[in-house]
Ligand SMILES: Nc1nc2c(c(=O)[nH]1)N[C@H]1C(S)=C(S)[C@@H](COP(=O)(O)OP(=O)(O)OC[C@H]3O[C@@H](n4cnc5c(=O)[nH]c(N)nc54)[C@H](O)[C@@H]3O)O[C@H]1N2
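For reference, the chain that follows is the form predicted alone, supplied as structure tokens.
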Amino acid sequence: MTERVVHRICPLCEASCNLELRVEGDRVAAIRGYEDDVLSAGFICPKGVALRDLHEDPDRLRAPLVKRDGVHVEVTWEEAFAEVERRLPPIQAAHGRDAVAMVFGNPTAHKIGLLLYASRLGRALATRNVYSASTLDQMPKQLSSGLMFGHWLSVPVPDVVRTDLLVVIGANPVVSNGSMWTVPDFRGKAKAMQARGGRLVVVDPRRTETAQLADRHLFIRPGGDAFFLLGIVHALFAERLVRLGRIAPHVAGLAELEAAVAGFAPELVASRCGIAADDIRGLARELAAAERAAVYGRIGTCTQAYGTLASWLVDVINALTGHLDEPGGAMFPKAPAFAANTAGPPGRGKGIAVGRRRSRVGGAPEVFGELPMGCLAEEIETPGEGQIRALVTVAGNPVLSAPNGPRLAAAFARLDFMVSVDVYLNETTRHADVILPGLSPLEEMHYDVAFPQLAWHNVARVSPAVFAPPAGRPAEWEILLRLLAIATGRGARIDVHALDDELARDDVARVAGPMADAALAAVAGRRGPARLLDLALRAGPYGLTLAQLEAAPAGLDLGPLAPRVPEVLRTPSGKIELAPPQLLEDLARARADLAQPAPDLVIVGRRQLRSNNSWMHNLPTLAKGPFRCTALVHPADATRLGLADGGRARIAGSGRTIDVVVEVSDEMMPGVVSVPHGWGHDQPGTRMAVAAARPGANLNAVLDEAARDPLSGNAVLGGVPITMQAL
């Protein structure tokens, strides 16, 4: 049998590692890290190896499903699209565009066809009801970045290979290898930092894998991150430690910021965040004194009631200590394509707009074009003009990932029609009337649209398909285009490639004007995502072509992160806005909350290497080993509550309960319980045999969908009071 070696960027997490696959015929024989890759340099984690499991998974759908008499049955593609055409347009005609909602899941960000063409479908539907996993994860960071720097994806990331002091708050990059920060082999980079005399400080309510590696770990009261960071900012001003450095001429709002934090001295915030005032002041001094330092906060700082404030304050501290946009500090990557902060006139722009519309029932503001996921159920349940009656989901499982999944599942069951673009019959898609599965990741080309904008080093990489797609199987972008044609009245039988040509011409004409024909001629022979990528690379800051990337399987090294202020800014003022009015106003809410007593027991999630998303529980390579859906409890809490290691307990919150396996561990802060997210595979009507064998408990079932950061709409997933009793 002929053997060949191919290279493939892993699409299973933000680390985006490049893999070397040994292929025998039509199967993958082995997977290892690709040592020559310019970004990941041979690093691999178990998720990369599990790509073979995903490709071969017998539960992965390979044909469309239509629900008939309550049961999903396989049908032809023509039958599936005919069913969509029979049922979706009448709902639009009778009830208006807003009667159809869209939900985008996390995997959308990892597949170029989904990301570029799902947005096309969303624009064609013209509905205000757009929801995504962003409001279950990172929307506070995107909002604060937009307000400060002028664009949602102008997110500074630590220049980890040159820093001397890295402070990590509410993040576990040893496990995630970066989140809103693409940094494969974080452990190796952190150890290299320590070997050259640098220090790693972790602030987290759990002694995580990253905290175990750190030089210092501080326990923090969940939900107290903004107060801790406010104490640092106050100390920097009070002790005259503010040093803006090179960015000083490009900063606005310094005086307003100083006045706004006046009431948040370390001594006043210490009890609220659970960290002593001396520790807060000491860390402020260390950051100010360090030649090269960076503060990084992630999911723990986002998924709380003060998510936007905490995200903002991380970058405020980097700016005040002279470490923003400096080597060894927090810097802005320069992506080769699709980055709005490399397009148009540099140094100034329109900035961002929020609240352009509000949700019909709860009045929640739109942020980044979408509404909070926590609003979705009420928008389906509540009668009246604009009620959601149909739903399109793309690669998402909100029944497990969103708060109060049981309510969401009940709401989905009430819809007039639901269509899902997904490769699994899972806890969400079991409610769909039509399921349209895409190809295996190994059957499509791959380019990371978003993650080069967040990478530790500037690179450009692409992967061709490993295997040819099976005959008659459309790619996800073709599926989405056919749905677009149905939604816009052009019918299911449209020539998808002709439609793609038409949309590409429209896109290029808007940007290139009279040069549109020349631009399209340069990419003749390409179509779909490959054409859009080639166009974006040519228009990008490096003037690359897709052919250049295809000729470089290890990727193109575009250089280390470099200072970009003021060029990167897209704010109307052309300045870094340290004191956005919306954020200063929200400080009043925090000020009123300063004296709030600590609940007896709160719950937080946790990120695990082998289960970043719910569908990973169906891959044998990742599912094997010890049972991971346990509730971590501090020994003192276990004694107080009568809990035994390995025993079972019932957790109650928001009027609902889940039953969990207890794991007693001193890695938890007293008063805090941790349960990983994405579990609960015990719902009827799914086809995920490996996951169902060990279903675990759904953390999000005991969380309140109405609890949100009011600025970003992000769900509050941590620091939520619970009760717990032995079973």
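In case it trips you up, residue 1 is the first one in the sequence shown, and so on. Because the structure is predicted, anything quoted here is derived from the model rather than measured.
A second form of this protein, the form predicted in complex with the ligand, is not displayed here; the remarks below concern that form.
Stretch 424 to 432 is the contacting one of 380 to 388, 424 to 432, 150 to 158, 642 to 650, since its residues have non-hydrogen atoms within 4.5 Å of the ligand in the model of the complex. Contact check for Trp615: a non-hydrogen atom falls within 4.5 Å of the ligand in the model of the complex.
Interface membership of Pro107, defined by any non-hydrogen atom within 4.5 Å of the ligand in the model of the complex, is confirmed.
The ligand in the model of the complex is approached by Asp137, whose closest heavy atom lies within 4.5 angstroms of it.
The ligand is not drawn, but in the model of the complex it has a heavy atom within 4.5 Å of Gln304.
Among the residues Ser176, Asn341, Gln142, Asn318, the one placing a heavy atom within 4.5 Å of the ligand in the model of the complex is Ser176. Leu609 is the sole member of Leu609, Ala235, Ala260, Ala214 with a non-hydrogen atom lying within 4.5 angstroms of the ligand in the model of the complex. Contact annotation for the candidate site: Ser311, Pro372 and Arg708 all lie away from the ligand in the model of the complex (no heavy atom within 4.5 Å). In the model of the complex, the ligand lies within 4.5 angstroms of at least one heavy atom of each of the following residues of 171 to 208: Ala171, Asn172, Pro173, Val175, Ser176, Ser179, Val203, Asp204, Pro205, Arg206, Thr208, in sequence order.
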